[in-house]
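A single chain comes next, written as structure tokens; it is the form predicted on its own.
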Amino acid sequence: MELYFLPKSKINLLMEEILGEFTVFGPKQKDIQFVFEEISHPEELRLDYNTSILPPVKTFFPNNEKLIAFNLNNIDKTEIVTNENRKILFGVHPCDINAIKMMDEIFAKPPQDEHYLARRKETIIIGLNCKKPCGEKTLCYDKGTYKADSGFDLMFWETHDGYVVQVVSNLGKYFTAKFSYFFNFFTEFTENFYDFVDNFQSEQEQNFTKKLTHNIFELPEALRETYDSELWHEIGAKCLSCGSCNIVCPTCYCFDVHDVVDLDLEGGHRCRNWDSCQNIGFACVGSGENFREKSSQRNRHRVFKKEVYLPQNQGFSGCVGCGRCNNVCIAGISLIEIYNRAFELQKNQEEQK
């Protein structure tokens, strides 16, 4: 592990050089919120952001993505469309780093998703550690995702006048070497790093608070106990089935495909679009049967997929506690409230036995 120090006064100068070499995606302001989009000018980068509307992982998994181009007159001219330009994701919060790690694992399993992996390849991820939560509706502290131990190439730790830069990969070493040798942006960090981390984490402990009444590892069993509960009917009665929770989620990966034919009827392309398990027709099959016709069933499936099925089948939760779904739900549905209700219902059932 290599350690450097980057003064805040040099961030814009560093960005000028980076933008000449790479396509950079990072947080920038949009009205009163932040978006994680391509950075065109150094001044656009906002490392003081709380959270972005859409997560950084959407850079690798975009909506309306062209998968293949085809020729209707010559099937041999069908070709796979991929995008492999060099990119940097600058200022990724730990919760989103953990989300990208999960998506990497899912899309790398057979059959591999070559479109996602082509975008992911050779991308440098620069993390940005959080000293405080992004808002009141986050679960990252309960989840343990307010910090990341891997899944990044460099990690920025903020100090009052700069950033301690932790380098953990060959891509990270390449990056710091490239911009240190010629431009001297990075200087050696000479303090004791572990003492620095202890102080940083002490500040985190003061700022972050638990939102759940029980340990997160008890959640899958508590949810199983609620499968036939009225809880889901209550939530279903509120839900508008808009799908916003899925669209902003950094670990939702359901999609649909459709073909677009050119106006000359000689060619076209196949597109991939994000889909939502909250849409009314999501579980509808060709015979017309809808296996999750009720909103209560769809909401239960969404929560169970994240916190029961994925931990059981993949070994990890499908929620990193970023709070985006809680923020965008116009019906006021909150995962924090659902999880705590599940714990409460489980406790009541145990007391009745």
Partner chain sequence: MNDFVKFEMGFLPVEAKITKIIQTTAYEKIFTLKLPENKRLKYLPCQFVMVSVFGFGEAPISICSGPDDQELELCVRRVGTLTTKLHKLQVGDSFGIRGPYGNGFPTEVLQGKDLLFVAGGLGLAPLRSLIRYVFKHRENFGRFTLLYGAKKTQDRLFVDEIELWENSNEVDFYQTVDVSDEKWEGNVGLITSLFKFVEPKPEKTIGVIVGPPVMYKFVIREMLKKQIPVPQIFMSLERRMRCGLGKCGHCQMNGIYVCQEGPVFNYNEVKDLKEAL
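On a predicted model such as this, the values are computed, not experimentally measured, just so you know. Numbering follows the first chain given and starts at 1.
Form predicted together with its partner chain: not shown, discussed below.
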Select, from the options 74-82, 126-134, 94-102, 142-150, the stretch whose residues sit within 4.5 angstroms of its partner chain in the model of the complex by heavy atom distance. 74-82
Is its partner chain in the model of the complex near all of Asp113, Tyr253 and Gly281, within 4.5 Å of a heavy atom of each? yes
Partner proximity in the model of the complex: Ile68 to its partner chain, non-hydrogen atom cutoff 4.5 Å: yes
Flag Asp228 as yes or no: does it have a non-hydrogen atom within 4.5 angstroms of any non-hydrogen atom of its partner chain in the model of the complex? yes
Is the gap between Arg270 and its partner chain in the model of the complex 4.5 Å or less for some heavy atom pair? yes
Taking heavy atoms and a 4.5 Å cut-off, does Phe107 contact its partner chain in the model of the complex? yes
Interface check vs its partner chain in the model of the complex: of Asp259, Asp198, Asp161, Glu221, the one with a heavy atom inside 4.5 Å is Asp259
